Ligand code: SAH
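Heads up, the chain below is alone and in the form predicted alone; it's given as structure tokens.
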Amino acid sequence: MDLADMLIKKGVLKNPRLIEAFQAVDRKYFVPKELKSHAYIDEPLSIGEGQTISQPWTVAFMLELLDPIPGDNIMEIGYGSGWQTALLAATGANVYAIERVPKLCEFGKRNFEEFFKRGRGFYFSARFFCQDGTLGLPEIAKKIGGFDKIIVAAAGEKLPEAWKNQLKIGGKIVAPIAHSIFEFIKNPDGSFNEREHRGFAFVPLVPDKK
């Protein structure tokens, strides 16, 4: 049973577009060589530098909440291994992926590019940035009129104002805070509706020191 089938059976993966992405983007190409035999286990795996490639169930859960569609401009905070970046790109979204750890910047970007070269019948669009993710990408957000969606792979204590400001009206942020995953929807007046899903564990969101 592959990951997609397992996640469907567990009831977390339902969206046809995401099912197709999970079937196309093989997790084994995004884990360290010594862990490839564990790539299809529903657990987080170490990718070095104190970081992990997230548990497949959690990735599927967050992507289902995000609901990426073709043409979405999505900012991803903490791309790490590049696996979620490739899943997002496989849905037809335009991905702007940020990672702050230099070795992982190289690791995830290389994984994505090498996977892309294999050709999976998808149009992949992703741009990679090695910098503090808490600041977002203000120049790009301004240029494109704000991001449609933002997804975050590390847990902070609160939602950075930069992300709120760089999201379009009607846009969605899916981000962990402490031990919960939150959905934030931006209202026309700039306020946010939020929904909490409890019971998760993430690596901490770490801004660069000033």
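It should be emphasised that the depicted structure is a prediction, and the values quoted were computed from it without experimental measurement. So that there is no doubt, residue numbering starts at 1 and follows the sequence shown.
Beyond the structure shown, there is the form predicted in complex with this ligand, which is absent from this document and is the topic of what follows.
Participant: Where, among 152 to 160, 65 to 73, 167 to 175, 138 to 146, do residues come within 4.5 Å of this ligand in the predicted bound form by heavy atom distance?
Facilitator: Answer to the contact question: 152 to 160.
Participant: Is it the case that residue 205, even though its partner is missing from this view, gets within 4.5 Å of this ligand in the predicted bound form, heavy atoms only?
Facilitator: Yes, contact at 4.5 Å.
Participant: Is there a heavy atom of residue 98 no more than 4.5 Å from a heavy atom of this ligand in the predicted bound form?
Facilitator: Yes, residue 98 is a contact residue.
Participant: At the 4.5 Å heavy atom threshold, is residue 77 in contact with this ligand in the predicted bound form?
Facilitator: Judged by the heavy-atom cut-off of 4.5 Å, residue 77 is in contact with this ligand in the predicted bound form.
Participant: According to a 4.5 angstroms non-hydrogen atom cut-off, is residue 58 in contact with this ligand in the predicted bound form?
Facilitator: Contact check for residue 58: no, nothing within 4.5 Å of this ligand in the predicted bound form.
Participant: Can you tell me which residues in 41 to 59 come within 4.5 angstroms of this ligand in the predicted bound form, by heavy atoms?
Facilitator: The stretch 41 to 59, when checked against this ligand in the predicted bound form, contributes 47, 51, 52, 53, 54 at the 4.5 Å heavy-atom cut-off.
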